[in-house]
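Encoded as structure tokens, the following chain is the form predicted alone, with no partner shown.
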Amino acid sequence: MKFLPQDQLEAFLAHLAESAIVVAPQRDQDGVLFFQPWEAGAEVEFEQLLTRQSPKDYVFRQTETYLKFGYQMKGKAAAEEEEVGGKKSKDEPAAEEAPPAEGEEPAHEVLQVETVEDAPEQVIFGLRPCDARGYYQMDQVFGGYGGFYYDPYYMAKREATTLVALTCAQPWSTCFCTAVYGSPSGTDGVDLLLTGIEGGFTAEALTERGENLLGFGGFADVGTGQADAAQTVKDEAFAAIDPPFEIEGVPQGLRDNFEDPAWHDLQMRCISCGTCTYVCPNCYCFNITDEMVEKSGERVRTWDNCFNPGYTLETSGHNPREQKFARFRNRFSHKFWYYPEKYDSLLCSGCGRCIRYCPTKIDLREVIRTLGRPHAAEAAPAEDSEAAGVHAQTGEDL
């Protein structure tokens, strides 16, 4: 652990910027806090707890071109088409094509493909532990965990990224990281953890990348009082969060309640806008499209969201999640049931953005409290078993 005086912060950022792109929370011209590339003199904002958008865009990009391709004529016809201006005149009558001479290559189109490699060294500075944990959770998906798919484009950017996180001192009312095995000073995915105390920040290196950052000359040895002050900040922040639900048993509860009519009731306010997925630090749904102009094009990956009515639409025309309640159910089941079964982790870091920015005020905590419990029929006392059966039948009718 080291200590970074407040007056050395800008010098530290400048030091980082000598060898990498530095991304830090800053306000735009409208006063909204976003992660943006840092330049000398720019003011880094630490007072507001969370940016509106998580910084996942700097590794899992909202729009990313990762392949360029084009079709080019080869052989006899290619030479014949090389006229003034590069093309034959439209008014020129088409000549009868003679067969290629012996040994001459016949006319044909050739596909040329070029991969786009764009993974500069970067430091994401001042993100919160819940955002860093979002990277850790996406790493499981794109990094080949359990022998599943390995994404070289995501991983190239991830391996070129250093995460310098900042301990949360005063969590918001929508924060619930402690309910999902997290902490306001969590270290999942973090290379260097800063904790704000009087006069500056304590700095704890958690990886080799983090240790390398401590080579900056502005760091000082940390005193006992400073270490104790940092621990106090962590303890008080942890205690300030009242876990809204018990995570144990939630996957089984969601499985048991898959057909529960409460899914219909809770999804009534949902407008399928996908805001919750876009602001989430660990949602990773995407779509792939080929964009072409004449004979050249690009293969583009863009964010998608599981609330999109066409997200699961198949080529045959069948859509297994045509109804909104099914898409709504899938989002929560994926985060707390499907993903944990596959990757031995949760797909939620408890940042609370989905609660804060949902235009219709749907609360993830309410959904988990309602449908993440043991099935009502199993939990009901013996004398209420008949009523529980009626409830189950009502769900089937709905």
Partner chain sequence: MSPANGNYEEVEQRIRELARTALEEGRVDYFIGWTAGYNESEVIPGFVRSADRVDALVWNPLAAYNLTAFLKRKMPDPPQAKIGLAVKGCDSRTLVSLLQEELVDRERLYVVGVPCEGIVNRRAVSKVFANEVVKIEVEDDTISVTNQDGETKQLAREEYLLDHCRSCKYPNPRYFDDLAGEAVTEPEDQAPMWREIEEFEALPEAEKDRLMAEAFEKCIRCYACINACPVCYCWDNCVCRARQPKLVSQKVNAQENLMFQMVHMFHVAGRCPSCGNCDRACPVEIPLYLLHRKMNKELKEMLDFEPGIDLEQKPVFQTFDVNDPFGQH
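Between two forms, the rigid core is the largest collection of C-alphas that superpose within 1.5 Å. Residue numbers count along the first chain shown, from 1. Note that this is a predicted model, so its numbers are computed, not measured.
FYI, the form predicted in complex with the partner chain isn't displayed, but the following is about it.
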Have a look at D265, D228, E198, E121 for me and say which one sits with a heavy atom within 4.5 Å of the partner chain in the predicted complex.
D265
Counting only non-hydrogen atoms and a 4.5 angstroms cut-off, does I271 reach the partner chain in the predicted complex?
yes
Against the partner chain in the predicted complex, would A40 count as a contact residue? Criterion: heavy atoms within 4.5 Å.
no
Can you tell me if E236 lies within 4.5 angstroms of the partner chain in the predicted complex, counting non-hydrogen atoms only?
no
Heavy atoms within 4.5 Å of the partner chain in the predicted complex: does P309 have any?
yes
Any residue of 146-175 that, in the predicted complex, places a heavy atom within 4.5 Å of the partner chain
Q170, P171, W172, S173, T174
Note yes or no: does the Cα of G317 move by 2 Å or more between the shown form and the other one after the core is superposed?
yes
